[in-house]
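So this first bit is one chain, no partners, the form predicted alone, shown in structure tokens.
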């Protein structure tokens, strides 16, 4: 079926494609007589089809040659599908409990066939808006981050293995450039794609563009993002890239994947929990003031970092006799030196995570693509009040991230900013 040429999917063509692709047809039990197809791609970039029969189900995702939420005026490489499929396969190998299986990849069609995460799985962001608690979320997401980040870093790999992997993902440069633009550049200048809750946040947006100290800090983070090939990162690990049930957590959509700073993934996830926290007052009503739920979000934020720290360092300890090339055992050969190295590494990683997270928060309020947590608050004035609190906290965090020694201090600062 694959002709070597790209063709945008529609339902008729998709049926023909599945019939001609054994790896997909078999998942559906080689049976299409009660086939149901639903296009659910409500994101910014892609077509996403849920395909179901009584014998099986799957998801088909196709990358389009432009940003879907904007249109053909903003072209985008289809090759991102190759890097997404590669990352899903690699991260699935390292953490199979929390990454959906890939059944098929067609590079010419920029098409991935993968496991359908059936109901009651929903996008985590929607669950947070609805006020649903997920008791295993911190446990699961910390496991995903610890295993994928440690195992693809020089703490585990030789420099030869690491550089080979870095070279493979260097081709995802266009997606990296998009991140550079929307996270580290556009919010700090006048850009045609920026928007915010106007007129309420007009002065707040001006203040971001006029804050010299903020610009100096974000420049440092941009340098790290562009220059530090620390580990294979998801590249867009927000609460819209995670699907959940009460006891399942699945990480999806790694089309921004490349070898970058670990803190970018950790920070993105923590930042989106914090955004969810600040949005809760906008979703509160007479029946539910959301105070208990806000406490759960903050506990989950703290637990996510604390569990990540514990799991990551446990992997490190388990590798000390067969470690990667970062810290050779014959050099770092005593317990005290190893303790100092780990403390220094994890402290810098916390500060990186806080900085990148703060930058992600800022772009979600005064940049191009916002979050449903705030956008679903219908009263614009009420929405702006929530966004301003989040924006002010993010600006402080970006500038003062190095003064925080623990995640508990960060949580206390969030509570203080909201009191």
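Positions refer to the first chain, counted from 1. As the structure is a prediction and not an experimental result, all values here were calculated from the model.
One more form of this protein, predicted together with a further copy of the same chain, exists but is not displayed; see below.
- Of the stretches 333-341, 282-290, 233-241, 74-82, only 333-341 has residues with a heavy atom within 4.5 Å of a further copy of the same chain in the model of the complex.
- A single residue from the set 258, 144, 134, 150 has any heavy atom within 4.5 angstroms of a further copy of the same chain in the model of the complex; that residue is 258.
- Between the options 93, 310, 322, 189, the residue in contact with a further copy of the same chain in the model of the complex by a heavy atom within 4.5 angstroms is 189.
- Using a 4.5 angstroms heavy atom cutoff to a further copy of the same chain in the model of the complex, none of 206, 370 and 411 count as contacting.
- Using a 4.5 angstroms threshold between heavy atoms, residue 306 stays clear of a further copy of the same chain in the model of the complex.
- Taking non-hydrogen atoms only, residue 162 approaches a further copy of the same chain to within 4.5 angstroms in the model of the complex.
- When contacts are judged by a 4.5 Å heavy atom cut-off, residue 177 counts as touching a further copy of the same chain in the model of the complex.
- Taking the partner from elsewhere, residue 123 is found to have every heavy atom lying beyond 4.5 Å of a further copy of the same chain in the model of the complex.
- Looking at 227-266, the residues that come within 4.5 Å of a further copy of the same chain in the model of the complex, counting any heavy atom, are 227, 228, 229, 230, 258.
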